[in-house]
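Read on for two forms of one protein chain; each stands alone as structure tokens, with the labels structure 1 and structure 2.
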Structure 1
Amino acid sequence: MSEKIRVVHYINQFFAGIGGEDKADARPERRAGAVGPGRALQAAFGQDAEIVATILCGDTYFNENADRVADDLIAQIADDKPDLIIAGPAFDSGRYGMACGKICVVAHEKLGIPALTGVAPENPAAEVYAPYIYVVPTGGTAAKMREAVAPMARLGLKLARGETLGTPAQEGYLPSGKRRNVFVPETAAKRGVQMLLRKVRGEPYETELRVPTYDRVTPANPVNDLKHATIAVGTEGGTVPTGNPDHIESVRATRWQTYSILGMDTLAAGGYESAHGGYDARFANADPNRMVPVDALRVLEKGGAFAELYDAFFSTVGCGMPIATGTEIGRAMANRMKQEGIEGIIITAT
């Protein structure tokens, strides 16, 4: 066995023995060695790791000065050369949990070391920090200290040694909400047949992916009076001027654009092409109105069906686009429409 793994531990004023709520404004400090629950943690580590320092702070003071305190404390432990940082366990204490999460995130970012904390699953810190650091679920109160510390120590050692982790359920931490690729002993075909047989026989089965659910939005109010409304047209079908001058990506696009249709009665064939990497573009290239129906809208505009067609169309490529990017682009487009006084938009989808 090489040298012991060096651990820094974060706790609050209560577990440091300074005091309860009346001492929640206690200033941050660093102490050498294990303090309070750190001793239980040290016992769980045995000879494999050593708590070289403990950092602590009052819960109120930390949360009111979170960025500064976290930066200061992490700067103070740089010389301790920790291989791992453990915070808490904070059980169901909200402010303590948030402090634990924050200190872990900053330690991970600044020192590049693995970080883990322990909180009750219902502690708000669980949801906030599980995407960024390892969060071990614990009981609700300090009465569950022993049950909390053992799995934290076990996971901490694995992390510090850089071992490949199994699933959150196997390793005892809360899922981050992210997914990674792994290799397993059986082919997908074999797993598929076996999973199906379990379902058909009424035996318990475990899907490899749970169906996601999307946000729901309350329907927007109707356009009040079409006769006085500016209406826009747009597409996720990637219609762009020929040559794609703005280099909208054919898949996983990050860009969107508006293209002027001022004074145009139609989108002329040859003037536009599809930048989209997900459908056969021949039909829309032959007549771009099949994707962005400017010609039909102009006729309806002249006939008085609505006041005015906005003088540019909106375009992006909706192919393999992550929801986060789509949300961002949608928000940016909507802001533009509001600024421009557009009351409604017709968006074509492929």
Structure 2
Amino acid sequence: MSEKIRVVHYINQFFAGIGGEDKADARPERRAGAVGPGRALQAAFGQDAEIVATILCGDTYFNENADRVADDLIAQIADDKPDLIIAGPAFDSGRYGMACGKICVVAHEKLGIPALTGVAPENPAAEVYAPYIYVVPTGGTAAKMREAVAPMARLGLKLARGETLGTPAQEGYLPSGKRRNVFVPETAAKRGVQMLLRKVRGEPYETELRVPTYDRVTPANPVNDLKHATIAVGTEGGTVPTGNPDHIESVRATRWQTYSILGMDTLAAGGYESAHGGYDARFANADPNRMVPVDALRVLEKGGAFAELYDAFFSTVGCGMPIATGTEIGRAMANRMKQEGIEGIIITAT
């Protein structure tokens, strides 16, 4: 390894300054040196490492061609002879996070290079890739960039130098699910009692074994008589009238709304758009029925599959929505449906 650690950095089209969702199909590209957030990462490295190249790709293009794109980018990475690969941080952006995780896994497997990324714990990439690579937890948005790159740089330097790492809590990465035996001076019984006493006294304590907890959702009963039922349609894909009159947020939404489809056999192009900030909405905007299938449901209604399609559709944006907010919105929608005598709903998602 050279005296100064050589780093290759992966980012998406947004952080490369190419554009947002309208440019999510951007092809893979290599640029020399640090680009966008790579400059903050370079500052965090100081004189210990240098970002020699930045590789980038649009989120949609990467995820639709993941294996091929990853292989192509890895070939470019190999030419730069890096000591370390860093991807992101992707924060709570799901597709970006999945691309970051994939790049790191393939780089480590095919080139034997240490690799890490940074995502919000709620990002699906955290669960998918933490067992295989080092994943640094970040905040939800790019507003937390400075707080994200510092621990990523610190952990990256340790990996590149081959230093022995401590526990996830000590080093600042997400647990991988792997367990390692260590010798400690006190027995488990004594540690357990001490932990219990701290808990009883209201003092800080930390368990040695975190047990996952899962929310149990009781499935709804099936519609008793579908042919005589009123059915609604809804979406978390953010379909709203053009101009988004109710200002439903594009990410971490706190609002939802219903929009009339009374007398409509279809959602007309040009009359609706997607407020969702987490996917390429061009196709949904060109034909809103792709997200809210009023046209298909009218056919089913006329064919007697169910008695009546409710005269409005339900809409919100699920991008980055906390579980607590989603639960609250879901309950509010359910109460509205009960009041309106709706017996079932079809919910579409991105």
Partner chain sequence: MTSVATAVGANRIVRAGRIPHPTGDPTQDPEHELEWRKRVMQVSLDALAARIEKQTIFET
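Everything quoted here is computed from the prediction, not taken from an experiment. Here, rigid core means the biggest group of C-alpha atoms that superpose within 1.5 Å across both forms. The first residue in the sequence of structure 1 is number 1, and each one after it adds one.
- Here the form predicted in complex with the partner chain appears as structure 1, and structure 2 shows the other form of the same chain.
- For residue 105, a C-alpha deviation below 2 angstroms is recorded between structures 1 and 2 after rigid-core alignment.
- Residue 297 is among the residues whose C-alpha shifts by 2 Å or more between structures 1 and 2 once the rigid core is aligned.
- Once the rigid core is overlaid between structures 1 and 2, residue 273 counts among the residues whose Cα shifts by 2 Å or more.
- Overlaying the rigid core between structures 1 and 2 leaves the Cα of residue 187 displaced by 7.7 angstrom.
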